[in-house]
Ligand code: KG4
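Shown next as C-alpha cells: one chain only, the form predicted alone.
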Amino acid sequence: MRILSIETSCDETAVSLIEATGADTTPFEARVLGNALYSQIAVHAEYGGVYPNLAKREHIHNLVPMLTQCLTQADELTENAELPHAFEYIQKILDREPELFEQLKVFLETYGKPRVDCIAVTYGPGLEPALWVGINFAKALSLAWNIPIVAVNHMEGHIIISALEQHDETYSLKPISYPLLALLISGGHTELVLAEPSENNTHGVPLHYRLVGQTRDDAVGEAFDKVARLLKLPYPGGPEISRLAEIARANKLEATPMSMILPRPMIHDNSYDFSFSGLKTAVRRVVESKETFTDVELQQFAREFEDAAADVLIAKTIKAVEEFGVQTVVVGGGVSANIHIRRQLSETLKNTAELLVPQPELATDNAIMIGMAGYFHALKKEFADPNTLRAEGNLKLT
C-alpha cells in the first residue's frame, strides 16, 4: 500500500510518500519513497513563538512545493494524461485558501495521478487554522485522484514512529510488550497515555489508548521556550537551554547559590498530572532578582531548569510504570529529542521496562509518522468521510 501523508499541525509543512506491506499474518515493512519538510522556525523566530495565522499562511505557500518535492524524490511525477473534471468542486473545498487552489490547479494540469492508494492527514491535535489547511488539501487531492483519506491523530504518529527501527532503507516494528506507557512531550503536550493488550491491535501496534496524566497548564516544551525568552536565549529555546545545560554537566557546574535552586512542581503529588507554570514563575523571580547572568551562571541555571523539568517527567513516568506494571515505555514528541531526558529515562528504566525512542530526526513533527500511523488504520478500512472530516485542535488519544 502506498500512502501520501500530510502534516500541518503546527509550524512544519510536511509531505511524505511511504510504501508499506504486511498484514497480521505477515511482517510489517515500510519504505520512505519521498519526504519533504519545510520548517517555519525562522518565520516565527522574531515573535518568540508560533502564531497560528502566520503558520496557516506558510502552509498555504508551501504545501504544493512540498508535494512536488516529495513526488520528485519518489520518481512519481509524470505528464498529465487526463485532466481532473472536478476543478469546480476542488475550488469549493479550497474556498478559504485561494492561493493554494491556484497552485494546486497548475500542479494537477501539469502532472498525472501518482501511484498512491490513500492519503493520510493530521486532523488533530494542533493549531486549528494550520490543521484546516492540511485537511482541505487532503480533501482536494482525494477528489482529484479518487482515493480515500485516513484521518490521523498527531500524537499517535509520535507513538508509532518511536516503535519503528530502520534497516538501511526499510523500517520494521520493534517487538512491543504490554502494557505500554507513552510519555508524549512537546511544545503543546505533556501526557502519559496507557495502552494495554487488545485483540484490536494490528501488528502489535496499540491503536487504542487511555489518558492517565496530562499537564494542567503549560506543556513542557512550552515551558522550555518561555524560560528561554526570560533568559534572552534565541528561539527555539529548548535546544539552546539543553546546549548550555550539557556544558554545565561536562564542567560539573551546579546551581549556586540556593536562590537559583528551582522547585519540582507536583513531583510528590498522588496524580499523574503535571504543572510547569509554577516552574516558569520561579525562573522569572530568579531572573528579576539577578538582572544579569555571567556565562557560567547561565549554564548553571539552564542545567537547574532542565534538571527540574526532567526530574518531574521521570518521577511521574516511573510512578505510572510501577502502578500499571508497564513493560514498554515510548517517548514521543519534539522534546523527546532532549539528550538529558533520554539519558535519564534510559538509566532509570534499564531494569524495569523497555524504552523506545524515535530517531532524533523523527522526534519533531514530520509526515513520515503520519503515513506510518495511517497505514495501520487503512489496513482496518478506517477511512474518513470527507464531508464530515474536521480539524480538532484539542483531540485526545482514545
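In this text, residue numbers run from 1 along the sequence as written. Just so it is clear, the structure is predicted and the values come from calculations on it, not from any experiment.
Just so it is clear, the following notes concern the form predicted in complex with the named molecule, a form of the same protein that is not shown.
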For residue 225, is any heavy atom within 4.5 Å of the named molecule in the predicted bound form, or not? yes
Do residue 335 and the named molecule come within 4.5 Å of each other in the predicted bound form, heavy atoms counted? yes
How about residue 157 - does it come within 4.5 Å of the named molecule in the predicted bound form, if we only consider non-hydrogen atoms? no
Contact label in the predicted bound form: residue 236 to the named molecule, heavy atom within 4.5 Å: yes
Sole residue of 186, 136, 162, 317 within 4.5 Å of the named molecule in the predicted bound form, by heavy atom: 186
Taking 4.5 Å between heavy atoms as the contact cutoff, choose which of 299, 215, 242, 153 touches the named molecule in the predicted bound form. 242
Which of 66-74, 350-358, 31-39, 337-345 has heavy atoms within 4.5 Å of the named molecule in the predicted bound form? 337-345
